[in-house]
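Presented below, as structure tokens, is a lone chain in the form predicted alone.
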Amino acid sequence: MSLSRQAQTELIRVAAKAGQLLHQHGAESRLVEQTTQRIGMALGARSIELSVSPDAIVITSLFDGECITTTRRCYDRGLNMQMVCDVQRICIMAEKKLLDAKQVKDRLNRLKPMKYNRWAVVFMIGLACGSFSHFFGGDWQVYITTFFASAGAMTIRQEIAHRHHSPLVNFAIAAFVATTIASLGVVYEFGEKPEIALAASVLLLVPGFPLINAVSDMLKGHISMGIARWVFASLLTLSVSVGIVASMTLTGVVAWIG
């Protein structure tokens, strides 16, 4: 198979776009690496060499002694497994020769993240955290307190994210709002164990996915990426702690840690 330099350049751009989308939407580093290499080789490259860093990817394509390198900056677009799955589907179609480089490029450019209705998300977050409070031994009054505390925090979190503020500020403010609302249940003794709502209402802020990816990256040899993700998840956890402590200091309610 012959491959002109122009075709090789287009190939590496397509592969870089795929890797960039995966990186931006929360895929683990090994998946970014494997999928990008598979797309490049499916489109005709002899080899694809890839370096993944916390905020960029560097890709080199090799074909008959010719190599072309490109770099893409990867801005955080939020976790979205639908985008990750769609890129993998395109990769499989390219491997089966159902798509050429131009078609792969067009499909990648047409990908749009699926967004759930924001109020449905708020409602389900309230139900989930409320269910945790019930699981921890809270009664229905505690469930209601937790529902409104977590739903309020999620609403604030969405508004701040929509304005593109720092995730650290976002998590701190959301934790402050959730703890403040849950503290009202303790102040007015709403339920038998109102302090349960203080803990359950902030569970939506646990950075579970970044922590899972961090461990996965380190176990699979991407040590620098794993450490970077672990540090970021730790900073999010610290921000949540700051918001909780600030609320407890303001309201004087320390039942959760007392």
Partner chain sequence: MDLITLLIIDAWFAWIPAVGFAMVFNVPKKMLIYCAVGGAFAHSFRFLLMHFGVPIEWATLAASSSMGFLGLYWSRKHFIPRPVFTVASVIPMIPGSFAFTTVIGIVQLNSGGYSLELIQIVVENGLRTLFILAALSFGLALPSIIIYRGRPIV
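If you're wondering where the values come from, they're calculated on a predicted model, not measured in any experiment. Numbering follows the first chain given and starts at 1.
Although not depicted, the form predicted together with the partner chain is the subject of the following passage.
Worksheet item: Residues in which of 145-153, 159-167, 67-75, 129-137 have heavy atoms within 4.5 Å of the partner chain in the model of the complex?
Response: Among the listed stretches, the partner-contacting one is 129-137.
Discussion item. Please tell me which of 212, 223, 56, 231 lies within 4.5 Å of the partner chain in the model of the complex, judged by heavy atoms.
Written reply: The residue in contact is 212.
Practice prompt. State yes or no: in the model of the complex, is some non-hydrogen atom of residue 51 no more than 4.5 angstroms from a non-hydrogen atom of the partner chain?
Written response: Residue 51: no contact with the partner chain in the model of the complex.
Worksheet item: Can residue 227 be called a contact residue for the partner chain in the model of the complex at 4.5 Å between heavy atoms?
Response: Residue 227 lies outside the contact set for the partner chain.
Worksheet item: Given that the partner is absent here, does residue 250 sit within 4.5 Å of the partner chain in the model of the complex, heavy atoms only?
Response: The answer is no: residue 250 has no heavy atom within 4.5 Å of the partner chain.
Worksheet item: Looking at the partner-bound form in the model of the complex, is residue 21 within 4.5 Å of the partner chain by any heavy atom?
Response: The answer is no: residue 21 has no heavy atom within 4.5 Å of the partner chain.
Practice prompt. Flag this candidate site as yes only if 85, 199 and 241 all have a heavy atom within 4.5 Å of the partner chain in the model of the complex; otherwise mark no.
Written response: The answer is yes: all three residues contact the partner (heavy atom, 4.5 Å cut-off).
Worksheet item: Which residues, if any, of 65-84 lie within 4.5 Å of the partner chain in the model of the complex when only heavy atoms count?
Response: 79, 80, 81, 82, 84, in sequence order.
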